[in-house]
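Taking the form predicted alone, here's one chain by itself in structure tokens.
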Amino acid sequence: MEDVIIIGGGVCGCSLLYELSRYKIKALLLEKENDVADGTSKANTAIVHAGYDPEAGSKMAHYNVEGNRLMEQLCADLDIMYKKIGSLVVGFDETDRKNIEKLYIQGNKNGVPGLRIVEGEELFRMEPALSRDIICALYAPSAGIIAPWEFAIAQAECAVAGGARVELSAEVTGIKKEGDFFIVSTVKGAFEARYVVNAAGVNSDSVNEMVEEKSFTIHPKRGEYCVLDTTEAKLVNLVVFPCPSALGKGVVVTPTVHGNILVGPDSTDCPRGSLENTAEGLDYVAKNALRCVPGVNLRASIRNFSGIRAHPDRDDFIVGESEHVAGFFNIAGVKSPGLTSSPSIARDVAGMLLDKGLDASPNPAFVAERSVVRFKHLSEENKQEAIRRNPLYGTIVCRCETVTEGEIVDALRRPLPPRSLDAVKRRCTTGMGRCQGGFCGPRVMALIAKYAGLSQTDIPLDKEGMYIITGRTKGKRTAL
């Protein structure tokens, strides 16, 4: 029997698994997909928010600001790509100015460090690409950018290395409480635990209803994005937001840690799992991005994508133990700033579980640090040293992103190895460049097959069933 079962392998579930791995606690994470970070955690704006948006005194405000404070050290410890670049919320008229002043006051109440309102030439020195129609902006120096999927993967890898377990392709089909423990049924069989934590994202209301009567509802909202080529990398220096509205934080123009520019999202009510891009959505994104940053070159787009956000039927996160079923906890309705908030939420929920009587003794096998080779970012001297240490670093597999065979093999040998092309992509950035995997895809498949012992017909693009090769089109060649 497990001490804790976590349902959902997004940033919240993986952060909690990592926190629990600090202690002598048997923890198991169940994820319905074939990899962690394969839902909202891979398809979002990749921003570490400062914390001026949430209403003062809310859970969201507390977790956002505290999560931001924790992020830098956590990313340094786990070698996660992260940059604290700051953000601007820009205003075009006096109505926007009043809203910016409200955000400034609210941010100070929330404890956001370094906030100030900038205008005039100072503003355009900070961000020359801004529209000259902008009259002022709220500057938040603590905002940053991150690789969000890597944030989840790194914590899951370290947790597994420290003794925790992750069961992939294990969609939960039912939960039953038997006395003082739970039986969690999945498509891969049943698991037992003293406590269950529901971190199922957009499906968290459905999971909650496996245990108790409906107590909240998730309304999925789709957001569409454009990724611009690295040729546009110098367009903006900071994260640029418009003034927020009832629809959310608005269309953002932001650098990414990988050197691209990300533009989006819109906000549309949608069915669960609705990840298509639409002409209307992308037109909306383009129009609103150009209003703030006229130099956005949408012709440089190398990929469009969409993600689903888990909007709850209330204005705050749903975090804590059920009022009706002892031992069952929710981490639900975690929309933006959920990524930023996740380490703080994890620490809080881990504390709640420890207060219930779980063993708080330190885990001697806890893995607190991780190191990853990113060949592209090494100095020439360090590149040569890496190749001397492991000749596989001398073979380039992904030309666009300069990813080596050594890096892919490293990922395949880590505690939570990838089993799809996109799972390798999330760990190594293969296929993220201009050709979007057109060159490196077959080579990555061959490496997965070789080191994971799989047939290439069993390797999907991403989720199970998304197969690329279904069989031979011709028989094997025979000698003449």
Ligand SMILES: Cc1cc2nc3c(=O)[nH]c(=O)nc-3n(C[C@H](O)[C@H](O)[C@H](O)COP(=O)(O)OP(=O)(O)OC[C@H]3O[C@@H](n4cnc5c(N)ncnc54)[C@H](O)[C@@H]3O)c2cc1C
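No experiment lies behind these values; they were computed from the predicted model shown. Start at 1 and count along the sequence shown; that's the residue number.
One more form of this protein exists, namely the form predicted in complex with the ligand; it is left out here, but the text below deals with it.
Think of it this way: in the model of the complex, the ligand has a heavy atom of just one of Arg414, Arg419, His62, Lys32 within 4.5 Å, and the residue is Lys32.
For the options Ile47, Ala27, Cys440, Met432, the one in contact with the ligand in the model of the complex, meaning a heavy atom within 4.5 Å, is Ile47. Taken together, the three residues Ala200, Lys335 and Gly338 all come within 4.5 Å of the ligand in the model of the complex, as judged by their closest heavy atom.
Of the candidate stretches 287-295, 404-412, 383-391, 219-227, only 219-227 contains residues with a heavy atom within 4.5 Å of the ligand in the model of the complex. Taking non-hydrogen atoms only, Leu17 never approaches the ligand to within 4.5 angstroms in the model of the complex. Not displayed here, the ligand is kept clear of Asp313 by more than 4.5 Å at the level of heavy atoms in the model of the complex. In the model of the complex, at least one heavy atom of Pro265 sits within 4.5 Å of a heavy atom of the ligand. In the model of the complex, Ala43 approaches the ligand with a heavy atom inside 4.5 Å. Of the residues in 3-21, those that come within 4.5 Å of the ligand in the model of the complex through at least one heavy atom are, in sequence order, Ile7, Gly8, Gly9, Gly10, Val11, Cys12, Gly13.
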